[in-house]
Structure formats: C-alpha cells, structure tokens
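Coming up is one lone chain in structure tokens, specifically the form predicted alone.
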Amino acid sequence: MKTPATARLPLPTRIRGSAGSVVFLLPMLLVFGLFSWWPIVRSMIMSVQMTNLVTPAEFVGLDNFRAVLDDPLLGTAIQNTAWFALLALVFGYPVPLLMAVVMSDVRRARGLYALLAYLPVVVPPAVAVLLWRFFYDASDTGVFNTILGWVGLGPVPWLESSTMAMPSLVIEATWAAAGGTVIIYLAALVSVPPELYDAAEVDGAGILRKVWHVTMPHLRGIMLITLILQIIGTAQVFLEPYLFTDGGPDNATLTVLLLVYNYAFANTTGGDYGKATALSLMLALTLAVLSAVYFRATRRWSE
C-alpha cells in the first residue's frame, strides 16, 4: 500500500527504491530457497525414483508409495507414533502449564525457578538420552530402581519391556522439552492485568477459581498454539526411540521417522531413499492437513 509521501515521489525514484529492496532481499531469498525449498523439491523428485544416491536413479512413479503402504511395519510405526503422541499429550502437556502457573505466583526467586525449569532444554539431547539410559538401568542398582526399592517396589524393566518402553521415552521427552513451554507460558502470564486477580480476590475467589476464570482465558490462544506444536513435534519423534531402544523391544517403539531412517540407512544392501522420501512426504502431508483442520476448528476459540 502506497503512503501519501511515497505516492508523491517521481516514478523513477520509486522504481529505484523497489529495485534496491529486491537487491537486499535477494541473498536471503537465495539462501532460504537453497536450504529450505530445494530439499523439499528434491524430496518430491526422489519419492518417484528408485535411488540409493550411488547408482543412476530410475523413475518408478508411485511404486515407492505403494511399497510403503504395503509394508507391514507401517501400521506398527503409525500406532506407536500415535501412542507416543497421546501419552505426551496426557502427561507432558499439562506439566508446563502447571509449572508456569505455580511459578507466576511465587514472589521471590521466580527467575531461579524459571532457570531450573529451562535447564534441561540447554542439555544436548543426545547427552540427556544417554544420561537417562543410565537412570533406566533395569538392574536392582539402577537409579530409578534403587529409589523404588526404598519403598519396596521394583525392579522395573524400563526399556526392556514392550509395555514400559514407550512411557519411559515419554517421561524423558517431557523432562527435556517442558522448560521451553514453561518460559512461553510465563511470558504470556506477564500480560495478565493484576487488577483482575485483585477483583477475583475481592469476590472471594480461591486459587483454583482465579486460575480457571482469570489465567486460563488469557492463555487460551497460547495453549492452542502449543497444543498443535506438541502434536506436530511428537508425530516426528525420532531421537528418543533411536538412542534409547532403536525401535525395540519387538518394534514397540518403532516410530514413523525411525522407519524413514531405516529405509534410508539401515539397509545393508544400500539405502532405499525413494521409499524414505515417499514416507516423509506422506507424513508431511498428513501433518499439514491436520494443522489446517485444527486451525480452522479452533479459530473461534483462539480469538
């Protein structure tokens, strides 16, 4: 939209100004296109090819997609990914919110508590997983099993059991990622007018009623955003199942992205990058459709 001052400028001056803007933007657009859009285009091309990046690629059309859909492990990977996302939603989604609400009411050392909550995010993910693998030692001398032994419980085969492996991964993932969401909620809580809490206290509202009637309405938009971000993030879980269990035991922690990795790198005869990119595109399309439906369904709630 042209401003009155811009409209009064001569046409050659306006053209030179636009050209200068394009010149400054061009390097950023080239870098963005090279590292963001070109890999997407390349993935689309590879998804219809049979290639291992060594021998010449062969066009196979939709055969890669058919092979992925016919793979019996695909159903297992989808089911495990959905189970991880559900557990993370039930246990991991409320934790940052509760921590932020509690810390927002703390009068002293609030910054220290926020720092402690964010500290796990600073730890490199691979280091965190290796540390928790030590904690999850299934023997009687394991850290968590020792603690359970103090109260007469355990030992628990945390990562060796098909039933316990996925909840164990969710616990570590929640610990590692909750701090970032806590900071987001704390930043949003700063914008809540203190007068609303004072008015609620005058009306005799307790802590729960203040949280429900004052805090939650102001966090509604942020909560809807963090919810879809968590769903997208958990649907792409890879690091925890790869480093903790490598998809075991008995494929109990095999996820969609881990299956993509297996297609590309775990084949001793050469990576099948066509199937890997085909499954990646299927996952990306599913998440895009899910996000579109979610934002349309929650558009009125977020206002």
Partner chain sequence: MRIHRVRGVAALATVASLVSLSTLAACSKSDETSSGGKVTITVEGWRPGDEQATIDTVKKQAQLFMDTHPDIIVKPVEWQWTAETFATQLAGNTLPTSFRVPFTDTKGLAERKQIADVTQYVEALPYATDFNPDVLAAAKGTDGKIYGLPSDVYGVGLHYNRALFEQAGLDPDSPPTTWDEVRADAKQIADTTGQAGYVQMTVNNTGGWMLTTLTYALGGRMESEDGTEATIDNPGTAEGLQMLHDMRWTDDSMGKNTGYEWTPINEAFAAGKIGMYMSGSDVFNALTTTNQIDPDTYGLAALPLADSPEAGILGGGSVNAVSAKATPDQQEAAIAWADFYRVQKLYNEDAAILDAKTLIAADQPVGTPTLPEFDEATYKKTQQWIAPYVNVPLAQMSSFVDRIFSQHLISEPPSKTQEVYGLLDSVVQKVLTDENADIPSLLSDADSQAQKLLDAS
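Since this is a predicted model, take the numbers as computed values, not measurements. Residue numbers count along the first chain shown, from 1. Only the largest set of C-alpha atoms that superpose within 1.5 Å between the two forms is called the rigid core.
Omitted from view is the form predicted together with its partner chain, to which the following refers.
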**Prompt:** With the partner left out of view, is Thr277 within 4.5 angstroms of its partner chain in the model of the complex by any non-hydrogen atom?
**Reply:** yes
**Asked** Looking at the partner-bound form in the model of the complex, is Leu29 within 4.5 Å of its partner chain by any heavy atom?
**Response** no
**Message:** Quick check on Ser191: any heavy atom within 4.5 Å of its partner chain in the model of the complex?
**Reply:** no
**Asked** Applying a 4.5 Å heavy atom distance criterion, does Val22 contact its partner chain in the model of the complex?
**Response** no
**Asked** Does every residue of Tyr261, Leu281 and Leu287 put a non-hydrogen atom within 4.5 angstroms of its partner chain in the model of the complex?
**Response** yes
**Complete:** With a 4.5 Å heavy atom cut-off to its partner chain in the model of the complex, the contacting stretch among 93-101, 155-163, 170-178, 206-214 is 155-163
**Prompt:** in the model of the complex, which of the listed residues (Ala266, Leu239, Ala67, Val48) lies with a heavy atom within 4.5 Å of its partner chain?
**Reply:** Ala266
**Request:** Taking its partner chain as it sits in the model of the complex, which residues of 119-140 have a non-hydrogen atom within 4.5 Å of it? Please list them.
**Result:** Asp137, Ala138, Ser139, Asp140
**Asked** For Val31, is the C-alpha shift between the shown form and the other one 2 Å or more after core superposition?
**Response** yes
